[in-house]
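Quick heads-up: it's one chain on its own, the form predicted alone, in C-alpha cells.
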Amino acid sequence: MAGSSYDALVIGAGHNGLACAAILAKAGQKTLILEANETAGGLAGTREFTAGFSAPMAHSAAALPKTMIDELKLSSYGLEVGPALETVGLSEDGQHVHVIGDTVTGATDADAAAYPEYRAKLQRYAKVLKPIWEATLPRIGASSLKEALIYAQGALKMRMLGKEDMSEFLRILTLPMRDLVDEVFEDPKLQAVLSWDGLIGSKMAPRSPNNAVLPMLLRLGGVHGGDHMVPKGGMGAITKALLAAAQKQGVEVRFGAPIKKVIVEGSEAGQKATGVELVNGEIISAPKVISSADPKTTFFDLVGAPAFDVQFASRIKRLRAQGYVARFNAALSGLPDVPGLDGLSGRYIIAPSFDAIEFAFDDAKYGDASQHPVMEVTFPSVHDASLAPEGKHVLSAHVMYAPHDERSDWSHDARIRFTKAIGDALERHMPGIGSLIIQAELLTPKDIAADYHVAGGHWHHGEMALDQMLMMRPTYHAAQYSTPLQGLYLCGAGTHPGGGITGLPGRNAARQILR
C-alpha cells in the first residue's frame, strides 16, 4: 500500500525522537514521527496503571541541560523548571539522611562539612565534560582538523583545571562508586545515597568496575547541578513541551503506527534505507530514517541482520543491554505519615548501606530477583494532582535488582515473591503504607521490553559502561549517529551521551544529520 514521502522519518516519539524531529523540522526538513503506542514520551512518558491512576515512567530529571531548554525554547511551550528536590536516605528508626544543594543533614558533622567540597569538585569535572556530551564525538582514527578540535576543546578544559585537579579527575573516572564515596564519607546511609545516581538503571553495584562515575557526571550537568527536579505540573510537562515544540516546527506525529520493517533497497552503489513499511502495510518513503529505538531493536528487528556485515552484527548482538530495574506503581487512598519526614515531595532511597545494595545485586547476578530489594521512591501526585483522583495519591518506585532474564522467566510465583519483598521494604520504612494501597502494578524489565519496545527492558538502551560510552556508543561504525546502512541513523539513548532525561542524543543526532 503506497503512502506519502518525507525528508525524514523518526521512529519513536520518546523525548529523544521528539527533540531530533523538532531540530530537523526547524531546519526545513519535512519530518514525520511514527510511534507504536498511543501516547508520546516512551520511557519518559506517563502510564495509566489502573483506572484513574497514572505514574510517570521517569520520576524526575537530574540531567536535563539548559542547552536543550534554550535551544528548543521549551519554556515557551509550557516547561517551567521546578525547584531542586531533596534526596532522603530513609532509615527504619526515622533518623534519615537529607541531601539537597550543598547541604547534608542527618549524617555525621564530618560528613556534612565534607559534602560541599565533594559536590563542588564533581561539578567542576561535569563542566569539563559538558562540551563532550553536546558534541558528536569523532570515531577513533579520525584525522580532520574539525574533528580534532572537539577533543582539543575537552583537553583544554582539563588543563584549565590545574595539575592537581586534572590528575584527580583522571583518577576517579574509572573508580567503582564505593571507592569514590568511601574515601570521603563514613555514614552508611549517606554513602548509599551518594552512590545511587551512578548505579540506577545499570547492571552495576557499588563495587562494580567499568564504570559508574562517568554516567554520574552526565547527570551532574542538569539545571540544578546534580539535584533532581520535577517541572511545574509534573514530569509529563517535558514530553508535552517537546511535542508542542516539534509540532510548532511542522513535525507530523502519528500514534498507533507500529513499524513492520525499514525498507532497504540495493544497487551497484550499495544498500540504503529508503523508508518504512507499517504493520498495516502502508509504505512511507524518506531518504533519512532515524531510529530512537535501541540498537538491537533497530538493527535486528526493524532492519534485519542480513543488511549488515557479520562483524558489525556480532558487535550489536554482544552489546550488554539486559535491564535490572523494575517499576512498582501503587494507587494510594492517601499519603503515609512517615516518622521523621515533613511532607513527601522529595525522592526517597531505601538502601541503608553499600552492602545492602551489593547483596541485592548478588541475587540478580545469578538470575534471581533480589530477596531484599533496594529502591528509589517518589509520590508523583504531590507534584501533579492529575495523576490520581482528588484526595488520593500515587507511589512510584524504581526497584533494583530485577534481571530481565530471571531464572523462572518471571513466573507468577516469582512476581508474587518480588512484589512481597518490595511491600515489606516499604512497610519497614513507611509504616502503614500497606493499608493505603488500593491497587499496585509490578513492571519487570521483561514487561518494560514488551510494553516499550526496548530490547532487554534496559532503561538506557545499553549499559553505560566505559566500553559502551563516548565514541564507542553503541559500537564503532554506529557511534556518530550514522550507521553502516546508508540513510539509516540512530538518535536514542543507545547513542552518545546515553540514557537519562537529557534530549542530547536526539539533539546531537539531528545536528549531525544536518551537516
Partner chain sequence: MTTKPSMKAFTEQVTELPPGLSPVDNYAGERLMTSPFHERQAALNLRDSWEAWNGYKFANHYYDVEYEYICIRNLCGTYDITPMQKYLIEGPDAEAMLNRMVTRDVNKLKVGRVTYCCWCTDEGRMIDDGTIFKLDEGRYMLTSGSPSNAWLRMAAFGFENVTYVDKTDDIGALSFQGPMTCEVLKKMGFEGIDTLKPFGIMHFPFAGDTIMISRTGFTGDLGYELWITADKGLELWDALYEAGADYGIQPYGEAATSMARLEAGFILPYVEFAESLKTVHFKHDQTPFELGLGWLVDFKKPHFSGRAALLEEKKRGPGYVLTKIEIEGNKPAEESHLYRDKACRKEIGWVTSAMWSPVVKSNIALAMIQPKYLSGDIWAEISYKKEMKPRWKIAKCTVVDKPFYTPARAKATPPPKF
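Nothing here was measured: the structure is a model prediction, and the numbers come from that model. Positions refer to the first chain, counted from 1.
In what follows, reference is made to the form predicted together with its partner chain, a form of this protein that is not presented.
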Handout entry: its partner chain in the predicted bound form: contacting segment from 300-308, 336-344, 254-262, 68-76, heavy atom within 4.5 Å
Key = 300-308
Completion exercise
The one residue among S408, S314, Q95, N280 placing a heavy atom within 4.5 Å of its partner chain in the predicted bound form is S314
Handout entry: Sole residue of Q271, S91, S353, S285 within 4.5 Å of its partner chain in the predicted bound form, by heavy atom
Key = Q271
Exercise for the section: May I ask you to state whether K30 is within 4.5 Å of its partner chain in the predicted bound form, using heavy atom distances? Expected result: no
Exercise for the section: Classify K446 as contacting or not contacting its partner chain in the predicted bound form by the rule of any non-hydrogen atom within 4.5 angstroms, answering yes or no. Expected result: no
Handout entry: Non-hydrogen atom contact K26 with its partner chain in the predicted bound form at 4.5 angstroms
Key = no
Practice task
Would you check, heavy atoms only and a 4.5 Å threshold, whether P131 touches its partner chain in the predicted bound form?
Solution key: no
Practice task
Let me know which residues along 475-514 have a heavy atom within 4.5 Å of its partner chain in the predicted bound form, or say none if there are none.
Solution key: H477
